[in-house]
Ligand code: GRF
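The chain that follows stands alone, in the form predicted on its own, written as structure tokens.
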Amino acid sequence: MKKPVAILISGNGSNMECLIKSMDETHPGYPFLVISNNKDAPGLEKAKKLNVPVKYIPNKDFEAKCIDHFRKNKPAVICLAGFMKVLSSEFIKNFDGKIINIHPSLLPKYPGLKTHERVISAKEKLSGCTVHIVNEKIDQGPILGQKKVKVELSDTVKSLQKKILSQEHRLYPEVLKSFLSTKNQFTDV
């Protein structure tokens, strides 16, 4: 039986779109709902066009309404895909081990925001993206997968972001499929 996947977004939804498109007839999951804390998120329209139900919940009610909805509908996993809100420890405890996130750096390096700027400033030779389980410490949960990219001297924040985003679009669907295929829902990598 296919497992329900909830996806939380705040913006464009390019990773969400890749996740949805990856959930074909051979995939162990299906996209049962996309939720955004931004009513103008372009990703909501993308999800609708892909025939996935969408929901907008304002930040002030976001966690309480999500917790209530997810307790009733029991997603197998909650994917954060460009979701720009830090979740409370209460929310995370309610779905412990069932929330995964994609981050645009090779964690544990550069957690948080402005990762590309920090990578370039530090003159790193490699960067990339990481999918990890969400815990109470920002971008510090168990790592499920990573993809690396070379940082060239000519790279700008924009060019590095573009290179990493193309790897995110490959990595996140791979990790989600693996995550849902394992008996214990996840394994540390």
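From 1 onward, residues are counted along the sequence shown. Worth saying up front: this structure is predicted, and the values here are computed from it rather than measured.
Beyond what is shown, the protein has a form predicted in complex with the ligand; the following relates to that form.
Considering non-hydrogen atoms and a 4.5 Å limit, which listed residue (22, 14, 178, 167) is close to the ligand in the predicted bound form?
Answer to the contact question: 14.
Taking the ligand as it sits in the predicted bound form, is residue 75 near enough to touch it, meaning that at least one heavy atom pair lies within 4.5 angstroms?
Contact with the ligand, no.
Would residue 99 sit within 4.5 Å of the ligand in the predicted bound form, counting heavy atoms only?
No - in the predicted bound form, heavy atoms of residue 99 and the ligand never come within 4.5 Å of each other.
If we check the ligand in the predicted bound form, which of the residues in 80-105 reach within 4.5 angstroms of it by a non-hydrogen atom?
81, 82, 102, 103, 104, in sequence order.
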